[in-house]
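Here we start with a single chain on its own, the form predicted on its own, put down as structure tokens.
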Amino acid sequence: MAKLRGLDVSTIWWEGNTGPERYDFASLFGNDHPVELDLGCGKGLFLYNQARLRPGVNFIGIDWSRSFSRMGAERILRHGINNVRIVADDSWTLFPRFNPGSMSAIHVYFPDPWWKTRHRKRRMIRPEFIGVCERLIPIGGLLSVATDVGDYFKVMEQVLGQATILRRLPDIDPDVDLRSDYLTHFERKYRLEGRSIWRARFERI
């Protein structure tokens, strides 16, 4: 049984190889609410804030870090939030387990840029990711990305801009309040340090 500091987190957190072979979100959450996917959820601040703000939406977070994702699960449980599930695994191994059209939105915030050429195949935003969006996001669904690395954002724009299944939406005002519930841990940290943040939203067409 999964435990975190004495708290049983097994109802909402698991490692990928212990999770279901095929994700039935209606059974997993006990309702048919729309589901949004947070890739690289870290300590779960985005999940925590969004789940509280939008109780009619279910959220599933994925992060390769077992310790960070468990910390996120603890936060969720301690606040009695019941519309979040978190998986500790590589996102690419989980994508085939999700049903087509099952994600009303996908969020990719501050992914690792993997600068070394031999590591770029590990990037989240790469040409193969377009196929993931095409399979998982239904028509009218959303993809949101953000990074503090300008050069990587140019790569994101190039890759996503070539996708005929995605239409870029108008930019949101980047001058958000530092206390905003929409901030992730990384965004809060980077904005306090005065770093620039680049973001973009796309609609599945």
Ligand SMILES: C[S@@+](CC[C@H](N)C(=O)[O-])C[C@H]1O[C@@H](n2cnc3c(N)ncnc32)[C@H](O)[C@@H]1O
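As the structure is a computational prediction, the values presented were derived from the model and not from experiment. Start at 1 and count along the sequence shown; that's the residue number.
Here the subject shifts to the form predicted together with this ligand, a form of this protein not shown in this document.
**Student:** Find out whether any non-hydrogen atom of residue 29 is located within 4.5 angstroms of this ligand in the predicted complex, and reply yes or no.
**Tutor:** Heavy-atom contact with this ligand at 4.5 Å: absent for residue 29.
**Student:** Since only the chain is shown here, I'm wondering whether residue 41 would be in contact with this ligand in the predicted complex (any heavy atom pair within 4.5 Å).
**Tutor:** Yes - in the predicted complex, heavy atoms of residue 41 and this ligand come within 4.5 Å of each other.
**Student:** Any of the heavy atoms of residue 90 lying within 4.5 Å of this ligand in the predicted complex?
**Tutor:** Contact with this ligand, yes.
**Student:** Taking this ligand as it sits in the predicted complex, is residue 65 near enough to touch it, meaning that at least one heavy atom pair lies within 4.5 angstroms?
**Tutor:** Yes - in the predicted complex, heavy atoms of residue 65 and this ligand come within 4.5 Å of each other.
**Student:** Looking in the predicted complex, is this ligand within 4.5 Å of a heavy atom from each of 109, 112 and 186?
**Tutor:** Each of the three qualifies.
**Student:** Specify the contacting stretch among 133-141, 55-63, 160-168, 29-37, defined as having any heavy atom within 4.5 Å of this ligand in the predicted complex.
**Tutor:** One stretch meets the cut-off, namely 55-63.
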